[in-house]
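Two separate entries follow, structure 1 and structure 2, each one form of the same protein chain as structure tokens.
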Structure 1
């Protein structure tokens, strides 16, 4: 009994230390965003602000135009993620559930497309958006980002659709469902956890993307949050207060999305579905 209690105490103490280690950078960002410049650059670090100041957030909103960056990133990430999920659901269903020649080759090609380094693609993609006339705008990013999200989302959903037993689909067809009805009324609802998780990861990919945004967008009014944060670094001078405040604000939409969709991210919805 004592050995079991001692092991539990050791496990919980280790977990508490690891949690503290993981959360400390976030804590430091929060308190730094409320410090004065003198306290931030002090030779003696303080683990609690001597005085809570909102100067950094005031600069973010009124001087840096960071809310415009947030709006641009939200617009691009949501539109691209929704479009990517719709396309990827159809593609993943066809690859995982239909039998046709070249299915394995297409599946592997999607994976290879996702693994292609972005540094190799940004020049031809920039030439494409320039030729179309949508460079230096968020519309250029809306065209480019699906090249990242669609291969990723399709590959993830292929694995999830394959985990759904074929007997469920066959039973629906015996009951009179067409292929489209089976797909929309059976497969997609059962795949809600995988679709929700893939949507979140696709959104996060767009939200945190920097290289393509840096190449395509140079106009301040169309810059995303990653560019807005990078603009706070001028040479070797770091505006630590606004930079930390901007990082905190930029993480809030993603955290909210994880909180609201976490109930859908459960596996095993098809357990017991085959009778």
Structure 2
């Protein structure tokens, strides 16, 4: 009993510290978005706005472009991450559970593809989407973004699939299940938490991507959320209110996506899946 109490205290104390570190800057963003410029530019910061001003949010809602940006980002991020997850699941299954020639080389090559930084690849990739004729549109981004999600997703999924003991799969095969059905009926459901986590991070990788979006998309109707936010950073005196408010608003869809997927991140269904 004493042991559990001590443990409880440690757990909650650690949690509190983690929360403080994670949330303080966000708290700062939120209160900044409500402050007046005069209050933002003061010698000593105030921890609570003297007066809550909603002007920043009025501006965001009335500026049509911002909602379009969110819609574009949502579309690109969803399509790209669903596509990436599906193909990565198949590839990761093959790499982690099957034996074949060239396995090690192929799996390594997938990660090698990840090593070139965006700052180097954006020009050739832009040339590629231009050649296809989908530059200056979100379709161009849909073509490019899997380069940042697939290598990541494949590798994370490999590690989740590998943590499922082979004996479970073998038991099912002895029961007469085919390869494909063990994959879809056992490995995938058992790895649901990992798949869900990989999905949500693929989604956020696309959501916050900036450089490719900047280069590929110029026209207003196809701009993504990061471009919309950076449009607020003009000159050397920033509009802090809308900028901070905008990023708060921009994170809401991600949080909804997270809540949507988070129920698959809970264990318990693992046990049911085997039977």
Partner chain sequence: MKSLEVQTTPGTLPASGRERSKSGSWLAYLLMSPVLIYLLAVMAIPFGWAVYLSLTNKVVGVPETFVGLRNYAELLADSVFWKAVWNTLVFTLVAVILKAVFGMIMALVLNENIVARNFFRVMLFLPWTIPTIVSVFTWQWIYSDVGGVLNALLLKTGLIDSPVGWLATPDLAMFSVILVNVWRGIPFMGIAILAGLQTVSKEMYEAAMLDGAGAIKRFFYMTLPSVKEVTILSSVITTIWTLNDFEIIWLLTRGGPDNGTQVLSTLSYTVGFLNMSLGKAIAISVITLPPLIMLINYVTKRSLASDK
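So that the term is clear: the rigid core is the largest set of C-alpha atoms that superpose within 1.5 Å between two forms. Owing to the predicted nature of the structure, the values given are computational and were not obtained by experimental measurement. Numbering follows the first chain given and starts at 1.
- Structure 2, not structure 1, is the form predicted together with the partner chain.
- Core-superposed comparison between structures 1 and 2: the C-alpha position of residue 219 differs by less than 2 Å.
- Core-superposed comparison between structures 1 and 2: the Cα of residue 41 travels 2 Å or more.
- Superposed on the core, the two forms barely differ at residue 210: its CA moves less than 2 Å between structures 1 and 2.
- Core superposition gives residue 51 a CA displacement of 2.9 Å between structures 1 and 2.
- Once the two forms are overlaid on the core, residue 11 shows a Cα shift of 9.6 Å between structures 1 and 2.
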